[in-house]
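Just one chain follows, in the form predicted on its own, and it is written as structure tokens.
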């Protein structure tokens, strides 16, 4: 049985996945700017951002209240709200939606936290299947170096401290993200990820993404999608000049 529901709408859904420190967010931002420079209406969505459950999630994390199942359910609720209120209307209108993380994040994190693979996939079976799904593959030590080099501390749940993998936050992060990395690798064929070597230069990765988008969505990009305003196009062109 195919994973997730086919996208039958006018718009296109592009998602990026990868462990923390893979650089996927940077690449998706650059891709969004490039698409806007092509006169295409682009919207952005990110994981765990629904206002419906934001406060509940914040309070639950602060008090360490979540079990693996409640963690999975709260994120699924967040995802469902964003899908219904934001992503689907944009797809119906003909926009390109660029999502920083999608259901596949739950497939990795929730399983590592102890939820069964079959259960979490069934939980998200209502989700629209992306037109393109990119997986940014990065060695664990490289990702750790990027995270530690970019901020003062690793977040509690980001490091999987709730799983009691290690009392040392860096070691817990290493174990937790390493297990998520294994889940992503196991998903490549199941999902149909386009794998990007995230150790390459920013320019090389972005060029590879653009080539795949043009190859897979070329005709759609030229015809049928919602067009961006001139102001959006000018701003996107200015931002895209870095590449």
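Residue numbers count along the first chain shown, from 1. Worth saying up front: this structure is predicted, and the values here are computed from it rather than measured.
Keep in mind the form predicted in complex with a small molecule is missing from the figure; the text below concerns it.
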Does residue 202 reach the small molecule in the predicted bound form, with heavy atoms at most 4.5 Å apart?
yes
Looking at the partner-bound form in the predicted bound form, is residue 49 within 4.5 Å of the small molecule by any heavy atom?
no
Is there any non-hydrogen atom of residue 220 lying within 4.5 Å of the small molecule in the predicted bound form?
no
Residue-level question: is residue 11 within 4.5 Å of the small molecule in the predicted bound form, judged on heavy atoms?
no
Within 4.5 Å of the small molecule in the predicted bound form, heavy atom basis, the matching stretch of 202 to 210, 188 to 196, 37 to 45, 57 to 65 is 202 to 210
